[in-house]
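The data below hold one chain only, encoded as structure tokens and taken in the form predicted alone.
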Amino acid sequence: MTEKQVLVTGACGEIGQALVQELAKRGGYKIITSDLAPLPDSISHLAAEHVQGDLVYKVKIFYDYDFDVIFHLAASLSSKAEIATEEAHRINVEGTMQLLMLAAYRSEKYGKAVKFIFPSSIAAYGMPDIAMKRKAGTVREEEWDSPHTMYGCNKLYCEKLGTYYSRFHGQKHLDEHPPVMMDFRAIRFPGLVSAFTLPSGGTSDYGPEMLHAAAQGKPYACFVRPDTIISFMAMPDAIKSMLMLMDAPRENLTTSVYNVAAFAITAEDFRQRALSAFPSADITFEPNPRRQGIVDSWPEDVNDSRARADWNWKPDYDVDRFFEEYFLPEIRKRYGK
């Protein structure tokens, strides 16, 4: 069987490491990775090649590769992007644009659609205030697309760019010589939680940070209010959803951008779970106005009915399974609790 050549950018991140491991477990893929950092030992043996450096300046290297699928995970995340907005735009938009152009070029030149899987985010939404956030409940892909952050603006714009290159690029030639278009597919993730890698300072990381601190007997001051609520998902479900979207027949897809959801809980719910598992945990709330404002702009939960209808999406981990079968056992193992 011919191996499919796959590029994973941002391979050193939480999603990247888990994705590389799952692709290797599946088999049939030649995995090329890219990141600013060297690959961790846990996945270095799984990649056929690793390209280290700034993606914006490295993309030209990839024009000589015959990629079947590109997973573009590299990004400057929400909290960091608010501090360094220009750099975030360069990484999140210019890096994505360069890869989209590559995928479009190769798709048309060689008559084979390159699949471009783009993890987007609930940061693409922007709720005007808490009252509307509570009233809206679960939101659909086309609702409240008015992000309040640089990261959210970048993600939403890149969704639009991907849709353009996948559907409209070269459209002036459609009547006579229809070009083969790249195949762009975006997935809007909620807050993702991995049991195997440490939180990396993301705006939704207050939940896992609580549990890590509690397991180590360290005090933790949560940077959002107790009543703060957004949707979360176990990392295995995030990887499952990306691979399901990759595998879905093109004719089954009714949109380029899909919500996926698992469970929505409050910061206080996370605290109670931590106290239940580690009764001596010292967890307090000291909301940070900037980070609180970001989380308040995200919806309480999302409607993922399109993903369920188009490619049979369904998470494996609800809130109880997430804590009892996935997250807490690994936390206890990591810290010997």
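Position 1 is the first residue in the sequence shown; the rest follow in order. Just so it is clear, the model here is predicted, and its values are computed rather than measured.
We do not show the form predicted together with a small molecule, though everything after this point is about it.
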Contact label in the predicted bound form: N154 to the small molecule, heavy atom within 4.5 Å: no
State yes or no: in the predicted bound form, is some non-hydrogen atom of S241 no more than 4.5 angstroms from a non-hydrogen atom of the small molecule? no
The small molecule contact at I117 in the predicted bound form, heavy atom, 4.5 Å: no
Heavy atoms within 4.5 Å of the small molecule in the predicted bound form: does L77 have any? yes
Decide if the three candidate residues A11, S34 and F71 all line the small molecule in the predicted bound form, where lining means a heavy atom within 4.5 Å. no
Just to confirm the contact call: exactly one of 157-165, 135-143, 253-261, 203-211 touches the small molecule in the predicted bound form at a 4.5 Å heavy atom cutoff, so which is it? 203-211
Between I229, I122, C222, M182, only one gets a heavy atom within 4.5 angstroms of the small molecule in the predicted bound form; which residue is that? I122
